[in-house]
Ligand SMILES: NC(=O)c1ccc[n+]([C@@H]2O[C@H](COP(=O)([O-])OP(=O)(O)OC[C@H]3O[C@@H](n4cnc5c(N)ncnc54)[C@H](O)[C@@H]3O)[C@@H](O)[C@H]2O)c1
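Form predicted on its own, single chain, as structure tokens, below.
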Amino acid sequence: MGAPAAAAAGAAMLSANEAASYASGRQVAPSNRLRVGLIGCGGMGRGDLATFFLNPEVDCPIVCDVDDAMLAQGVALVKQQRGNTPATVKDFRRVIDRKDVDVVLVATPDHWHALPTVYACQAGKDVYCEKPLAKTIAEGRAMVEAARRHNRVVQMGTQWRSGIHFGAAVEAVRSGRIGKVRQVRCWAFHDWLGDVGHPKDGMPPAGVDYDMWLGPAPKHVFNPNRFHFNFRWFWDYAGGLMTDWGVHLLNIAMWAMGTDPPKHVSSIGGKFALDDNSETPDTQTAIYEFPTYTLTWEHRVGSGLGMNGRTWGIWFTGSDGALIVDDAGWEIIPEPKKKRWEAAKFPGSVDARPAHVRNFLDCVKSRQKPVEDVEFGHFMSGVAHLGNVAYRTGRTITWDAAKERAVGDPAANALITCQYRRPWRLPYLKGA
């Protein structure tokens, strides 16, 4: 087992041991406790908080959501796991204001990732932020700036980065096992995603502060599809499957291939399968030219027949063979005319989220950078965003990584930054 895999395995073991000790009634000294404030009590936020609760030093004195129904579920989770009733607020700033909060867990829709993260860093709090890091590249850079300027630990919640078998597959690629890699393919074909219909605009549900939900996003009349979960399919709030799933898979690809930025990015696709009011493409292909290899991203909804029998995965093609990995495991296949080794398959590993959270908590204490540090999270989220920028402009993007700008393309650069609705303003945001 290599270094990345060993680190993930150790984190997972520690998480299990600490969870067992909590269940057996071991008390944690007050000085060792970490108090988490949850911002966003939806399914992802509650799942993340439940994972944080596997660690006995974690408490949660406050939860935040703009929807009373989500708040109630967040409260119920804390009561079930810790036996206390947390305070509840609808304004995330009241979480950040509290002196009894050490860590902020941001599990909001994408357009709300940047502001709480930057404000929390300014207030001296560490942050675990769900993926993608931000809705735009410029917001991500502001988050990196805030973390560095205020010396905060910020981890992006892409848990596969802490997966044991993902780490082993990445190490095999980086070691040269399949030779020089010249092509990478990532795909996500989802037969479980389908048409969301054409619901009429109307009033938000009772107990929802809809203006706060919109926050920095443009003013828009309430529509059920632009709200919980389906917000992913609207440009005002997110980036569709390119960022929702692309960040996961591209994260593994970039982990293996390094952080040299792409030179050119193009993308094609459209709404070829769905008849609904969503905006992002249900079918998309993005092509990236990196200095020494090419990478393609493909997604589609309504069908799940993927490459090599896998509905999603990452395929590395090297001079001596190929390596394919997904959640079920990984395999290496030799080039038939070379066959310097036999084909081999390796199983998947346990859920990586506990290890990912444990790594973050350890780094909060040690002040080291976590495995999915904000800088890397920004880089690889940016790779996904560029696929959407190319799609939305209909042009090949020539990327100036040093300036984080598209060369000679004002329309593309307008999508790289972000205009906030008043009165919201994001500190450290450039190009607005």
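Bear in mind that the values here come from a model prediction, so they are computed numbers and not experimental data. From 1 onward, residues are counted along the sequence shown.
The protein also exists as the form predicted together with this ligand; that form is not presented, and the subsequent description refers to it.
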| query | finding |
| --- | --- |
| Answer option from E130, D282, D326, D126, heavy atom within 4.5 Å of this ligand in the predicted complex | E130 |
| In the predicted complex, the one of T136, S162, N251, T108 near this ligand [non-hydrogen atom within 4.5 angstroms] | T108 |
| Contact test in the predicted complex: F229 vs this ligand, heavy atoms, 4.5 Å | yes |
| Proximity of V350 to this ligand in the predicted complex, heavy atoms at 4.5 Å | no |
| Contact flag, M212 vs this ligand in the predicted complex, heavy atom cut 4.5 Å | yes |
| Non-hydrogen atom contact D244 with this ligand in the predicted complex at 4.5 angstroms | yes |
| Contact stretch among 254-262, 190-198, 112-120, 292-300 - heavy atom within 4.5 Å of this ligand in the predicted complex | 112-120 |
| Every residue of C41, C64 and M70 near this ligand in the predicted complex, heavy atom within 4.5 Å | yes |
